[in-house]
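The chain below stands alone and is given in structure tokens; this is the form predicted on its own.
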């Protein structure tokens, strides 16, 4: 958090609002929340290796040339220790092992990282610890050991229940592998298993998508992450589409798939809490909520991203930090200086931080409450920033956006249009801050 925002928060508490004590009390609560958030963070650990690259993937992942799992484990431990010391956070609220394919890591690597966290900060008992699992026989065979190492939530990359589509996407599992992995994960962590599923695949129709999703919902646990297939430049899938070898569903068909999926999920008691995420009961992803609510997080591993104030270096401004991408160079830098942060971007102005709070917060169905916005913007209230901007007024009038006593949020229809609305909202924020 920037010095300017901290000072503004102090002014908001010290000076009563003209309209009475209610809003002053809200400011006090906002400051208390801000102070607490500066002491805690979530932690993301990136395992960069995969056995092969999927045809649609442009993530930071690599095919290992040799078995260097032991060296990687040592360096993940060391970078975790260094960044915890730099952040000076006293409490880690959640841990997420992502990738790449982190289920290729030895379970002892997971245990060592969690032990390192516990030595340098509080990791409360029962804190959410998630690992992404590729549902292959190898991934399934390690679930019990991951659970014994401290993992209490699994995210299973099912993607599809159609074997021909899995082959087309370059996945190294089939539908039976996925179902078996899902069943074992549910046995170990009932109520704490998420599945990833992808729509908008080549040759997919609205009808086939509805049948597939219904089949998945009959066997899945209490959390579903729903993603539209996007064709990224530089991938094998991009080349196939560009050459006309494959055709994706039309945009209006993809929109219908998303709408249909939301309706079907709700019918099965899955409530949407974010653009792509649905949960039954209280099975939301606590870790991802930290991102969407603009809280601090520490990124460990090649190419990992983080957002925290490096108090251990005397810095008080939150920074966007990116670790070195390529694993071999990342290892060298960690061995040399304890961490491999390649890029540091201070979020030194209120605008930079508020842009992230806005873009991430509106992904949530609850949107951004007035109290949460005041944590980051004690003086520029939601009504002042967005209530009178002409183009935002149009979004409010057509019902895609809602601004009321609860805060700012998208309507059911508006959530599907968030990407197209964000430029208008960011312009409104920039215009207000430039006054």
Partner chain sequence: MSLSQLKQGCKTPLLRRMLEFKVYKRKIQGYNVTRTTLRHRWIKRLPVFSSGVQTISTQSDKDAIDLSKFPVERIRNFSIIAHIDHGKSTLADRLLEITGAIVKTERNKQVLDKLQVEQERGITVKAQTASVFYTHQGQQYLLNLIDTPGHVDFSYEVSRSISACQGVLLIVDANQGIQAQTVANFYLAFEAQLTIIPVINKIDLKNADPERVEAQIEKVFDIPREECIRISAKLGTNVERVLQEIVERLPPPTASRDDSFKALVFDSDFSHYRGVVANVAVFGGQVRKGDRIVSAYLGKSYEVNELGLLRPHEHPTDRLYAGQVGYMVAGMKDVKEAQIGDTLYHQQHPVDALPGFKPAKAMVFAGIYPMDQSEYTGLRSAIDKLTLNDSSVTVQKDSSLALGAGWRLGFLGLLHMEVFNQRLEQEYNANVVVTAPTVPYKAEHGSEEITIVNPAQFPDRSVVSQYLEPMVNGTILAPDSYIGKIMTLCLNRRATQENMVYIDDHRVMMKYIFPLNEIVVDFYDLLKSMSSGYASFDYENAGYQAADLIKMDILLNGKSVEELTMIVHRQRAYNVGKAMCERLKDSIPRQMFEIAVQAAIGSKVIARETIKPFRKNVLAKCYGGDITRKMKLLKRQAEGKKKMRRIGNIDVPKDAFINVLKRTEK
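Note that this is a predicted model, so its numbers are computed, not measured. Residue numbers count along the first chain shown, from 1.
Omitted from view is the form predicted together with the partner chain, to which the following refers.
Annotated contacts: 276, 356 and 421 all touch the partner chain in the predicted complex [non-hydrogen atom within 4.5 angstroms]. Per the 4.5 Å heavy atom criterion, the partner chain in the predicted complex is contacted by stretch 389 to 397, the sole one of 65 to 73, 47 to 55, 389 to 397, 371 to 379.
When the partner chain is considered in the predicted complex, only one residue from 216, 166, 360, 138 comes within 4.5 Å through any heavy atom, namely 360. Checked against the partner chain in the predicted complex, the candidates 344, 268, 91, 305 yield a single residue with a heavy atom inside 4.5 Å, and that residue is 305.
By the criterion of a heavy atom within 4.5 Å, residue 288 is counted among the residues contacting the partner chain in the predicted complex.
Contact check for residue 328: every heavy atom lies farther than 4.5 Å from the partner chain in the predicted complex. Among heavy atoms of residue 258, some come within 4.5 Å of the partner chain in the predicted complex. Using a 4.5 angstroms limit between non-hydrogen atoms, residue 238 is distant from the partner chain in the predicted complex.
If you take 174 to 206 and check each residue for a heavy atom within 4.5 Å of the partner chain in the predicted complex, you get just 199.
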